[in-house]
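Consider the single chain below, provided in structure tokens and representing the form predicted alone.
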Amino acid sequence: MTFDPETTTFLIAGPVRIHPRVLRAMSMPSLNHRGDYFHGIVQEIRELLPVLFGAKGRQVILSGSGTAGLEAMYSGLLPKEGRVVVVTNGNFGDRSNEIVRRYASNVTTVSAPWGQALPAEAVRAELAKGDVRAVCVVHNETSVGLANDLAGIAPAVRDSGALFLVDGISAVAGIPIAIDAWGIDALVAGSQKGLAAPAGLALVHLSDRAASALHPGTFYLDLAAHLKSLEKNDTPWTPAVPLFLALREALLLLKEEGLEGRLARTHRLAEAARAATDALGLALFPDRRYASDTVTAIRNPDGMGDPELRKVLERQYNVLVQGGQGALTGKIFRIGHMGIADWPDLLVTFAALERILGRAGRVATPGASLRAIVERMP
């Protein structure tokens, strides 16, 4: 079978498969982005965004990738004085650390090895030293398939008075996020992950405290300017109009399913993927206690790298999963199961994976991975 992007079983860690309704929404003829019709679309998006975040507040839509959202958050909220703590245990935590260091001069990086749990005690120890004005952390580290336990550090962050700035790009609409209960001041989401919209938009949720603390950062990504324009259902600069149309439709689909419904389905798929991994005798990469619900990171079997495994999935079975990043390239593969991913996607992926491993003499009990999935289907 030749790889076909239009019919592939598409389970990478994002962007994710897009519903036909969302694809069709982008086929609208050109619109006047300063006209009443588009302003109505922006108003509808604003009314739907609390469905995505599971909380009311001030929310911004940026034309740009999730990284643009991070830069907007950090450039507009990192303090000019005092300390900033960045927490990292994966590739995207390292990325936040790089961005933060462009906008803050006194940065402490608290790190753990990739795939290990968030170093909560070390974070609390830094907060106890005082003068911490912001804590920056990734909620869901897709590079290693791990969800960080923000609830474990939230009370200490709140008591310190620091702003709690969270990269939720692959977490929003994929794993539960208690924005108000955890005292999150700013949370960045990406359109191409749990929401299952096209890549190219960043969505930022701001607490009242964060909105009041905004200061000029970058020109294009000035959150205060976007907030001011959104009050009139407008954008300060030319928006990516087709992506706004797709965003509205993806939000409507999420509303129809319900946020709790999407979170529950994503969790069931993740449990099934982990059970199927166990049934094949493969090992998860991260600490299992913190394994992500949006992406399952699996260690490559001994002697099998991307050419023997992931590339065969793609070229022979038209199944697309993702490899490792950085030092993990060729050592792990990652199966995404967020957005509108569903049971047939998982069954096809593990059937093909089991066939590849079986031909290599690596499957002790044929069919075990598929039974593990079927047993967990609703």
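When you see a residue number, it is the position in the sequence shown, counting from 1. Keep in mind it's a predicted model, so treat the numbers as computed, not measured.
Heads up, the form predicted in complex with a small molecule isn't pictured, but that's what we're talking about next.
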Just to be sure I understand the contacts: of F92, W114, F164, F244, which is the one whose heavy atoms reach within 4.5 angstroms of the small molecule in the predicted complex? F92
In the predicted complex, the residue from V135, V138, A276, L187 that sits within 4.5 Å of the small molecule by heavy atoms: V138
Please tell me whether any heavy atom belonging to K193 falls inside 4.5 Å of a heavy atom of the small molecule, as the geometry stands in the predicted complex. yes
Under a 4.5 Å heavy atom criterion, is Q316 part of the interface with the small molecule in the predicted complex? no
Contact flag, I169 vs the small molecule in the predicted complex, heavy atom cut 4.5 Å: yes
Can you check whether T142 is within 4.5 Å of the small molecule in the predicted complex, heavy atom basis? yes
Look at the stretches 341 to 349, 64 to 72, 308 to 316, 29 to 37 and give the one with heavy atoms within 4.5 Å of the small molecule in the predicted complex. 64 to 72
